[in-house]
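Below you will find one chain, with nothing else, as structure tokens; this is the form predicted on its own, and questions on how it binds or moves follow later.
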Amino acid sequence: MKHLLARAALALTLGLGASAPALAQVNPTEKSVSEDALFQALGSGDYVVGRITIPDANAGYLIKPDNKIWAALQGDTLHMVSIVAIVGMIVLLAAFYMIRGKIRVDAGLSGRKILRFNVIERFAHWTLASTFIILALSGLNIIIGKTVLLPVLGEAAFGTISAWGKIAHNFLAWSFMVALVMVLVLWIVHNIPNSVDLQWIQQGGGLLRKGVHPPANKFNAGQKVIFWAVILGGAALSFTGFLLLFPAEAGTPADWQFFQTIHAVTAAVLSAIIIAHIYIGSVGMEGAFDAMGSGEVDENWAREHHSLWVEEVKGSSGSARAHPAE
């Protein structure tokens, strides 16, 4: 019985499909079929196909020469792109911090607060931020985890982390997409480029020299770049990620590989941009974290970085929105 089952399993997995006329003759019921025989069956670029009974014909492919190109892209090119994008950005920010230092409020903190982001805006931001970080880390693990984490953690720990990372990646993607739509609806009106942005760019946003404070609305040109990078990059990640979750919708295997490559490259570039955003919003600029922490910012900070927005707030509601810090 065991002999019959073994012969049947081998016939199922290595049998030649009748619909692949270009395949060489390999007898799947032989006691053993060598790897060399399988590769000889490829001939000049044909596929090795097994017999299947399910509707998805792609499931019958055992060896496809085109996959070697994709495997090399995954193992070499995307590996290097991810490392250069992330490590390169961290090195640049570290150098910037050593040269420029922390960007302080030149006039000093006033102690008066202005509401910058309400609770709904902060909820959308932190949901998007937290899910993206988990998605980025779990996705990065797929690209470089075997070469970076596996030797350090060992097979057992790495396997556990990777398994949970895959689950988190698949399910938190939906929360990420919902938060992305929320952020778009809440802030798109403030992120339309205008002539003020040109002046901000010409003066380097006041980031390069002390005492320089170009006018800006609620979002300056730098923040608008990040906003659109997140929206467009997040949309690309959402679309390609959906096709990776449901590969039958992607089309051919070549289409799936293309979407997977776009997904990985977009994630690497967007991760580098978000690292810069995190830097400015935390250690890089005094008072910046308060905007998404408590939702209130110091009035002097607001005047130096978003003077036009402060004038708009003051003009619409007087001093009611500004009050001493407790």
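Computed from a prediction, not measured in an experiment: that's the story for all the values here. The numbering used is simple: start at 1 and walk along the sequence shown.
Although it is not shown, the form predicted together with a small molecule is what the next lines describe.
Check each of 161, 177, 89, 226 and return the one that places a heavy atom within 4.5 angstroms of the small molecule in the predicted complex.
Residue within 4.5 Å of the partner: 226.
Do residue 278 and the small molecule come within 4.5 Å of each other in the predicted complex, heavy atoms counted?
Residue 278 belongs to the contact set for the small molecule.
is_contact(residue 256, the small molecule) in the predicted complex, heavy atom dist at most 4.5 Å:
Looking in the predicted complex, residue contacts with the small molecule do not include residue 256, since no heavy atom lies within 4.5 Å.
Is there a non-hydrogen atom of residue 200 within 4.5 angstroms of a non-hydrogen atom of the small molecule in the predicted complex?
Residue 200: no contact with the small molecule in the predicted complex.
Is there any non-hydrogen atom of residue 78 lying within 4.5 Å of the small molecule in the predicted complex?
Outside the cut-off, so no.
In the predicted complex, which of the stretches 95-103, 227-235, 151-159, 244-252 has residues with heavy atoms within 4.5 Å of the small molecule?
Residues of 227-235 come within 4.5 Å of the partner.
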